[in-house]
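Only one chain is given next, in structure tokens, and it is the form predicted alone.
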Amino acid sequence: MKAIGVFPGKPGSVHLAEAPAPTLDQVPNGRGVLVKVLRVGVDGTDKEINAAEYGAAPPGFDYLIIGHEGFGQVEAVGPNVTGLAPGDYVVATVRRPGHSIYDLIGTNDMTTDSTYYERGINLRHGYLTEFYVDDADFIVKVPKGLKDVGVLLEPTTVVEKGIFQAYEIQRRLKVWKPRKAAVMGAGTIGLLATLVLRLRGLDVTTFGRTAKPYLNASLVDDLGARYVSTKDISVGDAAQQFGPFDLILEATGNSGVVFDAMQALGKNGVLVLTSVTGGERKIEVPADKINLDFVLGNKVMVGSVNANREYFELGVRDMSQAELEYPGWLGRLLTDPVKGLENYQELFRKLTSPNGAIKVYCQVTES
């Protein structure tokens, strides 16, 4: 069976691997689901794993099959699987249980373990392959109406979790009705955040570096949101004009933007951080003022990473609603397909030199 793998710890080791075909009996208690992979999205995580910044192979292997944004079709199910049948379209979650109390109660996306298990990222093979098998508990059914955009579900869950957590935190206020939101970054996550916040009825300002005309800006505009280029106006000035913002989701990959966002946040506001930054950037900030405003304004900043099954199910709901309210919008994010696992070099070329790409993905096979 073909797969795209890396040798963890060896930079630039992405290659076409020959992997053993999975079988249903690999999952105990008759709970296995065998899935034929149709599409797999790639992102900065895959690029960073190939650069040997992190990632580890599963026990017994010297390579890791990458790809955590999978979309496929059920081939077969074990005797104790209900609710799934051959032909169903599905997406598998990414994080697998560890040993902390959070893992034991089913919230493995909130684990406190130092060692974590993520398909396609760390200690578990991913989805850039022809088939995979997993426990039905980690398989989420996708409606046929979303089959052309289902590969966007996993990145959508990043947004779903962040926004859900913001509302959960602000239950402390008894009544919290955010009206104005900002999204920092207009890449895949930023665009999906803009979509989900618009579906919630918020007035949304999305910040990006590139000036119009720009596809990503047009996508923001088509949602009835507002695109602002930081080449034209600073975050602070835009916050004065369009804010203050009750909820900000940061998705730029630039840690410096976090401090701009902190200063744009309104009283009783929540700033959700989703960027994973592994560098050593140092900047100078007005620390006393930021601290004072956070204390006096009852503001919250929270990090959000990975997603559990409930956020995949929320993503299915919102993507279905999006197809009704903004038909065809999600499909416009799928800008750069690469056909076939054997073309992994082209896949990574597009990923590392995006040239305006929004979502790069591998078309593994047709349904």
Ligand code: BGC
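Because the structure is predicted, anything quoted here is derived from the model rather than measured. Note that residue numbering begins at 1 and tracks the sequence as displayed.
Beyond what is shown, the protein has a form predicted together with the ligand; the following relates to that form.
Heavy atoms of Glu160 never reach within 4.5 Å of the ligand in the predicted bound form, leaving it off the interface.
Taking the partner from the other structure, the ligand in the predicted bound form has a heavy atom within 4.5 Å of a heavy atom of Val94.
Although the partner is absent here, Glu250 is not a contact residue: none of its heavy atoms lies within 4.5 angstroms of the ligand in the predicted bound form.
Proximity of Ala217 to the ligand in the predicted bound form: non-hydrogen atoms within 4.5 Å are absent; the residue sits far from the partner. This chain lacks the partner; the member of Ala57, Val305, Leu314, Val300 within 4.5 angstroms of the ligand in the predicted bound form by a non-hydrogen atom is Val305. Residue-level contacts in the predicted bound form: of Asp203, Glu130, Asp135, Glu118, one residue has a heavy atom within 4.5 Å of the ligand, and it is Glu118. Of the candidate stretches 287-295, 118-126, 179-187, 227-235, only 118-126 contains residues with a heavy atom within 4.5 Å of the ligand in the predicted bound form. Contacts to the ligand in the predicted bound form (heavy atom within 4.5 Å) from stretch 24-60: Asp43, Thr45, Tyr54.
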